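In structure tokens, one chain follows: the form predicted on its own.
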């Protein structure tokens, strides 16, 4: 319960700003009498989910939570016996396995980012993630010998996708955790688009992945606060977006522990098997696909400022990076969306 309480607290910091910046719901509803505001907080995909949905129909919030649970349990979880990814891992080293169109498409997109990032994002890093075990609050630095041993199992080249046939080399194990929340957002978008009564929504998964959809009743843009990487009770600044956007952030402040003055965080470098030391402390990606926003945020964090910016731009994504010196770097498009409000940070280029 303590773990979930901390997750909810973190989500409230992020979503409180979104809700407060949504305009006066009562005034908006006077102009749009049929539109109701539905809010809901629940759990799915191993984390807290917060929803604000505008609809002229029935409350759809529990349907969103059910959608996310299905994505996790029947599709992407390496833990769930009933998921396609778990079945693929179990079948590693054997003949190709037929998967659904959704899984084949997802793996193709994941592998494209792995290749384009030269392995900075790698879906086969799961054994190392479990070794560090930061998801469960471990504060133990693994032995270097064990890290090097497990590095032998890492390599996206061990996954082959041909149409709906997927095969894994012996020892290869898929873990889609670094793209999972974004994938969940993609599926939620499909769900929302099937309901003509829904005019707008903002969905937050785990505090680090946000999806905006449609518009608010008053027509004003969505305002999303980015967390201060060194004081999570405060904000770095505000993103102002319209329509459908996917916003994902990777930061060394989300799951970490300190030992001998060193910060050990959950974003592992697939090349070293240890927490990334790229000089960045936070990367935010804004784009039109959930999976890409989530995976690119991780890839860019590991790549560092220059290579990370190049990768984001190659995907037509906007980016906001923060480095160890509290300098804020942005793509040109992001500079039109983001306003830095925290005096402890400064832009790296003239605005």
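Positions refer to the first chain, counted from 1. Bear in mind that the values here come from a model prediction, so they are computed numbers and not experimental data.
Keep in mind that the form predicted in complex with a small molecule is missing from the display, and what follows is about it.
- For the residues 280, 188, 76, 120, the 4.5 Å heavy atom test against the small molecule in the model of the complex is passed only by 120.
- Of the residues 85, 247, 178, 71, just one reaches the small molecule in the model of the complex with a heavy atom at 4.5 Å or closer; this is 178.
- Residue contact check for residue 228: none of its heavy atoms lie within 4.5 Å of the small molecule in the model of the complex.
- At least one heavy atom of residue 267 is located within 4.5 Å of the small molecule in the model of the complex.
- With a 4.5 Å cutoff on heavy atoms, residue 125 counts as touching the small molecule in the model of the complex.
- Proximity of residue 302 to the small molecule in the model of the complex: non-hydrogen atoms within 4.5 Å are present.
- Comparing 163-171, 250-258, 235-243, 188-196 against the small molecule in the model of the complex, the single stretch with non-hydrogen atoms within 4.5 angstroms of it is 250-258.
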